[in-house]
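Look below for two forms of one protein chain, each set out as structure tokens: first structure 1, then structure 2.
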Structure 1
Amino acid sequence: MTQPVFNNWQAVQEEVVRRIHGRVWNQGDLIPNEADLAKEFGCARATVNRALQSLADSGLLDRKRKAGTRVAMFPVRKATLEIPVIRKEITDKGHTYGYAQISRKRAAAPPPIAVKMALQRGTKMLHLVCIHTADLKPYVVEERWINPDAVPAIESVDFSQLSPNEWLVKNIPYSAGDITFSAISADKHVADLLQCRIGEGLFVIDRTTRRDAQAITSVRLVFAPGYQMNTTL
């Protein structure tokens, strides 16, 4: 019988998952250490380490320094969300994309934004409000605060044609962030922008991204009525 080839971390990960699902290793079991697995699989220890860490990040394994790696007692599938380019999201749905910058100014961040971005009150940032459309109909309002200390080049970027969403995704790497999903009732300002009724329920995404400990940007996306967010497990 041909032995499986474990020449990359994905192959090692697949075998570990197979053993867990096949009850070779049960919930709570301590699995062999990296050195033993590397010898068994005929691959580098670093390859095993990457495979196990990926499964730990996804919630399938529990890894503790000096205590080894165990199959998680209560595995939790963790979702990984990417920051989409709104233009691509709209065109992928078969719609014609449109964009307009509504306002741009340097301003002191409101206290809730300063706290979220771990900045001192009164810190001046670039504040942008833009609207993205699908087939000439409002799709989402993008209200964004950008920290110029984290993105010095931002002052010279023209956002009259290119959205800050797209420019940041393409040009500024981030290492961490947080996302909050919520709903709001449209006030007059938002209702006018999205051409909806005052008081209508709207889906909202608040997102802050960082590079190491430094906040890059905080954005609120308010979507037009009827928006649906689809993802996979």
Structure 2
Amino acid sequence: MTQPVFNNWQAVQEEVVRRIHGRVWNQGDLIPNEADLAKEFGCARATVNRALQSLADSGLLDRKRKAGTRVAMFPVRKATLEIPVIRKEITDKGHTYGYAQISRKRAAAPPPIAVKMALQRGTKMLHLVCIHTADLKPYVVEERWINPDAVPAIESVDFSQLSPNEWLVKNIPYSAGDITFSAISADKHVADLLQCRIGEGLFVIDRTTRRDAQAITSVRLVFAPGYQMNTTL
């Protein structure tokens, strides 16, 4: 009897998944080490490593040096979300993109924003509110605070035609950021802009980006009713 040969990392991965699903290896079990698996599968250890590493990335395995590889107790599935530029998101859906600036001013950020951005108290920030439309219908309101210390050039940029979202993505590289997804009830201000009822449930993305330790910008995107963010796992 000739056993099948797994000579590429995807095949090895599939076999490992098959064994986990088939309860050959149970939750929490230590699985054989890479060298043994390589021998069994008739391939190089590097190939097994690639397969197992990829499964660890997706949360199905837990690996630790010396301790070995075990089947994750809670198979925490990881979904990857693509965060596109708003204009691209709208045009990719086949709609006509529109943009308008609502307001622009300098002001101290309110405490929650200041805390998130780790700012000195009373730092003057650039505050922008604008709206993105799809086929002339409100799509999302962008309320943004920009730290002029981190982006001096910002003072001379005209955001009446180009959204800060797009300008920042194109011009200011960032090294890290955090995102929060949540829901709010529309207040009067937002309801007016999005042309929806006051109190209506709206999807919200809050994002703060940094370069090294310095906060660049913090934005709240409030989407029109019915907005959905999709992904697969």
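The shown structure was predicted, so the numbers you read here are calculated from the model rather than taken from an experiment. Numbers follow structure 1, counted from its first residue as 1. Superpose the two forms; the largest set of C-alphas matching within 1.5 Å is the rigid core.
- Here the chain appears twice, and structure 1 is the form predicted alone.
- Once both forms are fitted on their core, the CA shift for Phe223 between the two structures remains under 2 Å.
- When two forms of a protein are overlaid on their rigid core, residues whose CA moves 2 Å or more are considered shifted, and Ser182 is not one of them between the two structures.
- Superposed on the core, the two forms differ at Ser58, whose C-alpha moves 6.3 Å between the two structures.
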